[in-house]
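Just the one chain here, the form predicted on its own, laid out as structure tokens.
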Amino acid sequence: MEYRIALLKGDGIGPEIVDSAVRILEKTGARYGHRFIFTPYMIGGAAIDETGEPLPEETVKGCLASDSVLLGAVGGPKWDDMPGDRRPEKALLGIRYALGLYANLRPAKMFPALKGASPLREDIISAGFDIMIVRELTGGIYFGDRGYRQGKFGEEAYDTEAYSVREIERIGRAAFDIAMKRDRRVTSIDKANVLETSRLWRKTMHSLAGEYPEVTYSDMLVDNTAMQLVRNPKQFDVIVTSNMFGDILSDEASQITGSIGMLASASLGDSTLGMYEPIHGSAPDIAGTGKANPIATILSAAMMLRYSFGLSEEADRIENAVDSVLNEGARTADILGSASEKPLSCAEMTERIADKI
């Protein structure tokens, strides 16, 4: 089989970690007889420097013409003074919208070998957890009306959140469909005691839950969820929530696993075209030093094989290779855990994983 993959390396450590994922995909393709055709496109700060735009039209067209997209990271202090609509991060919202990617899947699981890196107590960690956070990606406050105006106390800024029944239904169905392949439990997160959008969210989710009688459904307020994730993460299977709440909760979930450098993500829509990326940022302070952890991007590539290409066996092989090297004690600096251990560089960790493929 032949697959066309658009590479959006971006800024900071983005090029390094995307190159690592490409190495693993090439090794996997060679083993299973697949050919991956990689085409790089500019995005983020690098695109601003070259074209003046964070998301060039050529990049959008190239991604739409591909079978899937692999993204590194964007942003950095170099572009912090850019206006909001010209910042590198604007490209992320733009490319998700252009590709029709409304569902962001962020798995957060406890790797047994990394229990010592988690900030949670041993009795909580020992129970383990495997959570899939399904975040709405193209609506809500990140895409709502915004601006400045004169208010009671002078100049004020505003951001508006709005959700339609259709937007809630399609992200809800994505969550229920995923739950049907897991432990069949869905927890919907909102702030229905305060927000009108959350009240519509809850009403719509309740109606949708009736179509999935095999799934155990429950609601939870977002502030309680933030507490429960550190108190008893094992209680969750699939979490579904809005754009902003999902952004915050998935970052919290990443930290209880031990390192944000371990967490992959998939952004999906109604077609097989998806975009896959680590949930961490561009880490400009370590760019070019070899200290980046490539595992989140490698696991994102595994998610690509599973969700866009239907190659579950190949995805399993990559995930098992990651588990294997971690169980052998291989660590990058962010998951080192002990000063007496010698951390592997980004390239060294990549080769250790490639050897297991």
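Numbers follow the displayed sequence, beginning with 1. Because the structure is predicted, anything quoted here is derived from the model rather than measured.
Note that the form predicted together with 3-isopropylmalic acid isn't included here; everything after this is about it.
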Which residue among Asp237, Glu169, Glu252, Glu89 has a heavy atom within 4.5 angstroms of 3-isopropylmalic acid in the predicted complex? Glu89
Exactly one of Glu161, Asp219, Asp130, Asp247 has a non-hydrogen atom within 4.5 Å of 3-isopropylmalic acid in the predicted complex; which residue is it? Asp247
With a 4.5 Å heavy atom cut-off to 3-isopropylmalic acid in the predicted complex, the contacting stretch among 224 to 232, 93 to 101, 191 to 199, 118 to 126 is 93 to 101
Give a yes or no on whether each residue among Arg4, Lys9 and Tyr41 has a heavy atom within 4.5 Å of 3-isopropylmalic acid in the predicted complex. no
I'd like to know if Tyr212 sits close to 3-isopropylmalic acid in the predicted complex, meaning any non-hydrogen atom pair within 4.5 angstroms. no
Non-hydrogen atom contact Trp79 with 3-isopropylmalic acid in the predicted complex at 4.5 angstroms: no
Heavy atom to heavy atom, is Phe111 within 4.5 Å of 3-isopropylmalic acid in the predicted complex? no
Given a 4.5 Å distance limit between heavy atoms, list every residue of 137 to 175 close to 3-isopropylmalic acid in the predicted complex, or none if there are none. Tyr142
